[in-house]
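Quick setup: one chain, the form predicted alone, written in structure tokens, and binding and motion questions come after.
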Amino acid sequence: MGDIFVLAEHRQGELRDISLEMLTKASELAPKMGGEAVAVLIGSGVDSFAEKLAGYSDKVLYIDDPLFADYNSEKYQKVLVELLDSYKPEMVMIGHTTQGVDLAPALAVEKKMPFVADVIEIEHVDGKPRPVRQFYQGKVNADIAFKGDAPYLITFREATLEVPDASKQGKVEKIDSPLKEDIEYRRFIEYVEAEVGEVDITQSEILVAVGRGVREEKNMAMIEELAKAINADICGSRAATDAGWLPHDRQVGTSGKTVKPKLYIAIGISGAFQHLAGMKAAKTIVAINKDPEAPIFTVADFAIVDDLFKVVPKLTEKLIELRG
């Protein structure tokens, strides 16, 4: 008891960032619980993933079997039930992703596990993990006390933590799959990738983001000049895409995309929690808004409290000058 199991998520041959984010938190919390951060990896041809996870965990338990070539929540659930019975961890962390919200509730019901979804933080209070989640569109953070005994289950929100460089050398242990035959009643058919438009903002290193404060589409010319000056891509809040200033594949937030650029310049964005959830893991955040109480400033590294229509042209002019 005391160990924290983190279910590693991978898709289309890539290990998802949420896996390393959860292991970062588990590595911080597990020693306080008297245990270790244990990555649980299920898949086919995933040896390289196991090695990478070892840099962020104390131990990696992984199953490499053709039966897990594609994600199937029914198969994952059967494996996790067996692992929980065998290893008896204190807590299980699963990403609050499409896969996670498919798998976690069913696992919680089968194992009768105390379960909290969409967690943004976990603390250790009175000998138990204490998850934190948000209510009222991010206006209130609530500490949740688990009712019942371990093992506890949470789903952890994406892009909540910055992942440091790998610093561990966890033990890697390949284990046999408890699932010996395929499941016919629930099968993977195909993976349908969301269409990517002219720009994939999830891969952009510099983003200029616009919100309702830009007021109307004709003012986008000013934003485009700024973006051009620093070789940035343009994205926006839901207000901007709903208004038709940008295509919907440029929307950042819980109903859009999660981005992690080196630089994120938020212009005229108040900062509803849905938007913050999609961009607050950016390395450097610059916010321009005339409202000093705008929530965007709670995550900004640099805040400019002024009228964007005065600031943006001056900023563009100065950047062009500096770049020669």
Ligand SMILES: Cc1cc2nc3c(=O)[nH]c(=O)nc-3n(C[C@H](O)[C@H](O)[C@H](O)COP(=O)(O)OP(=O)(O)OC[C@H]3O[C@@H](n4cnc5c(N)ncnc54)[C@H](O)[C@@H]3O)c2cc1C
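Small disclaimer: the values here were computed from a predicted structure and weren't measured. Counting begins at 1, following the sequence as shown. Take the two forms, superpose them, and find the largest set of C-alpha atoms that agree within 1.5 Å; that set is the rigid core.
Although not depicted, the form predicted together with the ligand is the subject of the following passage.
Decide whether residue 239 counts as a contact residue for the ligand in the predicted complex under a heavy atom distance cut-off of 4.5 Å.
Contact check for residue 239: yes, within 4.5 Å of the ligand in the predicted complex.
How about residue 251 - does it come within 4.5 Å of the ligand in the predicted complex, if we only consider non-hydrogen atoms?
Yes, contact at 4.5 Å.
Residue 272 versus the ligand, in the predicted complex: is there a non-hydrogen atom within 4.5 Å?
Close contact exists here: in the predicted complex, residue 272 approaches the ligand to within 4.5 Å, heavy atoms only.
Does any heavy atom of residue 20 come within 4.5 Å of a heavy atom of the ligand in the predicted complex?
No.
Which residue among 211, 95, 129, 170 has a heavy atom within 4.5 angstroms of the ligand in the predicted complex?
Looking at 211, 95, 129, 170 one by one, just 211 meets the 4.5 Å heavy-atom criterion.
Could you work out which of 186, 174, 215, 228 is the residue within 4.5 angstroms of the ligand in the predicted complex, going by heavy atoms?
Answer to the contact question: 215.
The chain here is shown without the ligand. Which stretch in 58-66, 40-48, 287-295, 22-30 comes within 4.5 angstroms of it in the predicted complex, by heavy atom distance?
Contact criterion met by 287-295 only.
Using a 4.5 Å heavy atom cutoff, which residues in 293-311 contact the ligand in the predicted complex? It's fine if the answer is none.
Counting only heavy atoms within 4.5 Å of the ligand in the predicted complex, the contacting residues of 293-311 are 294, 306, 307, 308, 309.
Would residue 165 count as moving between this form and the one not shown, using a Cα shift of 2 angstroms or more after superposing the core as the test?
Residue 165 C-alpha, core-superposed: shift of less than 2 Å.
Does the distance between the two CA positions of residue 14 reach 2 Å or more between this form and the one not shown, the core being superposed?
No, shifts by less than 2 Å.
Aligning on the rigid core, do we see the C-alpha of residue 250 shift 2 angstroms or more between this form and the one not shown?
True for residue 250: a C-alpha shift of 2 Å or more.
Against the shown form, C-alpha atoms of residue 37 and residue 279 in the predicted complex: closer or farther, for a change of 3 Å or more?
Compared with the form shown here, the C-alpha atoms of residue 37 and residue 279 sit farther apart in the predicted complex, by 3 Å or more.
Would you mind telling me if residue 101 and residue 273 are closer or farther apart in the predicted complex than in the shown form, C-alpha to C-alpha, with a 3 Å or larger change?
Relative to this form, closer in the predicted complex.
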